[in-house]
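The chain below stands alone, shown as structure tokens; this is the form predicted on its own.
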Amino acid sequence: MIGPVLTGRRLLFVTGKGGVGKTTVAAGLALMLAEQGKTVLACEIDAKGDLSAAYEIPPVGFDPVKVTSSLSVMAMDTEASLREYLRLNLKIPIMGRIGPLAAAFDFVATAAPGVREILTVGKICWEVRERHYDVVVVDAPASGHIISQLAAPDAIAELVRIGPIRNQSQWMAEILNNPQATGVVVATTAEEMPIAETIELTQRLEQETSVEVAGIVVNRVLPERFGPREAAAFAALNSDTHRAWIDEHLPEGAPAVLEATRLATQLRRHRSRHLDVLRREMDPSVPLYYLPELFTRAEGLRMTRQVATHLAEELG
């Protein structure tokens, strides 16, 4: 069953190999959805502060902070999530740090698979269930860790057969496993290792979870500046045969420009081959979106806005 495009879901996890621009894609996606009139919560899992930096705001915590009237940002905190879970579900009011309880939780979480992850994904699913926002966009862990989080509710359900914890895991699983509500967005680049990891991740998501891949965003795609005829002409001019004439008749920097055009053409063709592998190996039902290489040193909100604009264009 094919779910709606990215703009139709209520929960989107953005993941990908480190260094491919995962956080930039998550920030741009959240901003795009907010600019389309939706109320959006952007949630950072690893709390490195990269997501808040993308919006040029100070580091955020567990309590959401508004970036615009329709976009809020928060960072996950396991202890704060445990405190909120106890307060909301077990009606246990807890003030300040939870101390010994946190230590006990750490002990249990180390021994039982899925316990720590259930608090993280549980908070996110709770926001979706309570409809505090139209969409929750999660800057999820790198692709090596996302599987355990998405599989946590099912893992807990296998361990606990009755009681409130099982009930909690069931409604979380219902949200995660609903392709109309939830999807994973995989960020990648047109390079060998990121493409290989993207293919492996999508296969693992299908085999080990019931969460659907909503789309793949290929970041930093180089534009095709020159066609085959232009590339051949540049190559001829850059050959030893014409070197003397170029040095005599063209400005001093001309050879460097010609070499740059050769390298740019070569790099684009090299990356295009990796994209061909991605298209060939991926299920054709999974949409691919392309973000261009942004030839700018600008970071922060300016870059996030550019990414949001290009995503909006890709989604049509």
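Quick caveat, the model's predicted, so the values are computed rather than measured. Heads up: residue numbers just count along the shown sequence, starting at 1.
Missing here is the form predicted in complex with a small molecule; even so, the following discussion is about that form.
- At a distance threshold of 4.5 angstroms between non-hydrogen atoms, residue 48 is in contact with the small molecule in the model of the complex.
- Contact annotation: residue 129 falls outside 4.5 Å of the small molecule in the model of the complex, judged by heavy atom distances.
- Contact check for residue 20: a heavy atom falls within 4.5 Å of the small molecule in the model of the complex.
- The small molecule is not shown here, but in the model of the complex it comes within 4.5 Å of a heavy atom of residue 220.
- Checking 262-270, 30-38, 61-69, 285-293 against the small molecule in the model of the complex, the stretch whose residues place heavy atoms within 4.5 Å of it is 285-293.
- Contact with the small molecule in the model of the complex holds for none of 198, 278 and 281, as no heavy atom of theirs lies within 4.5 Å.
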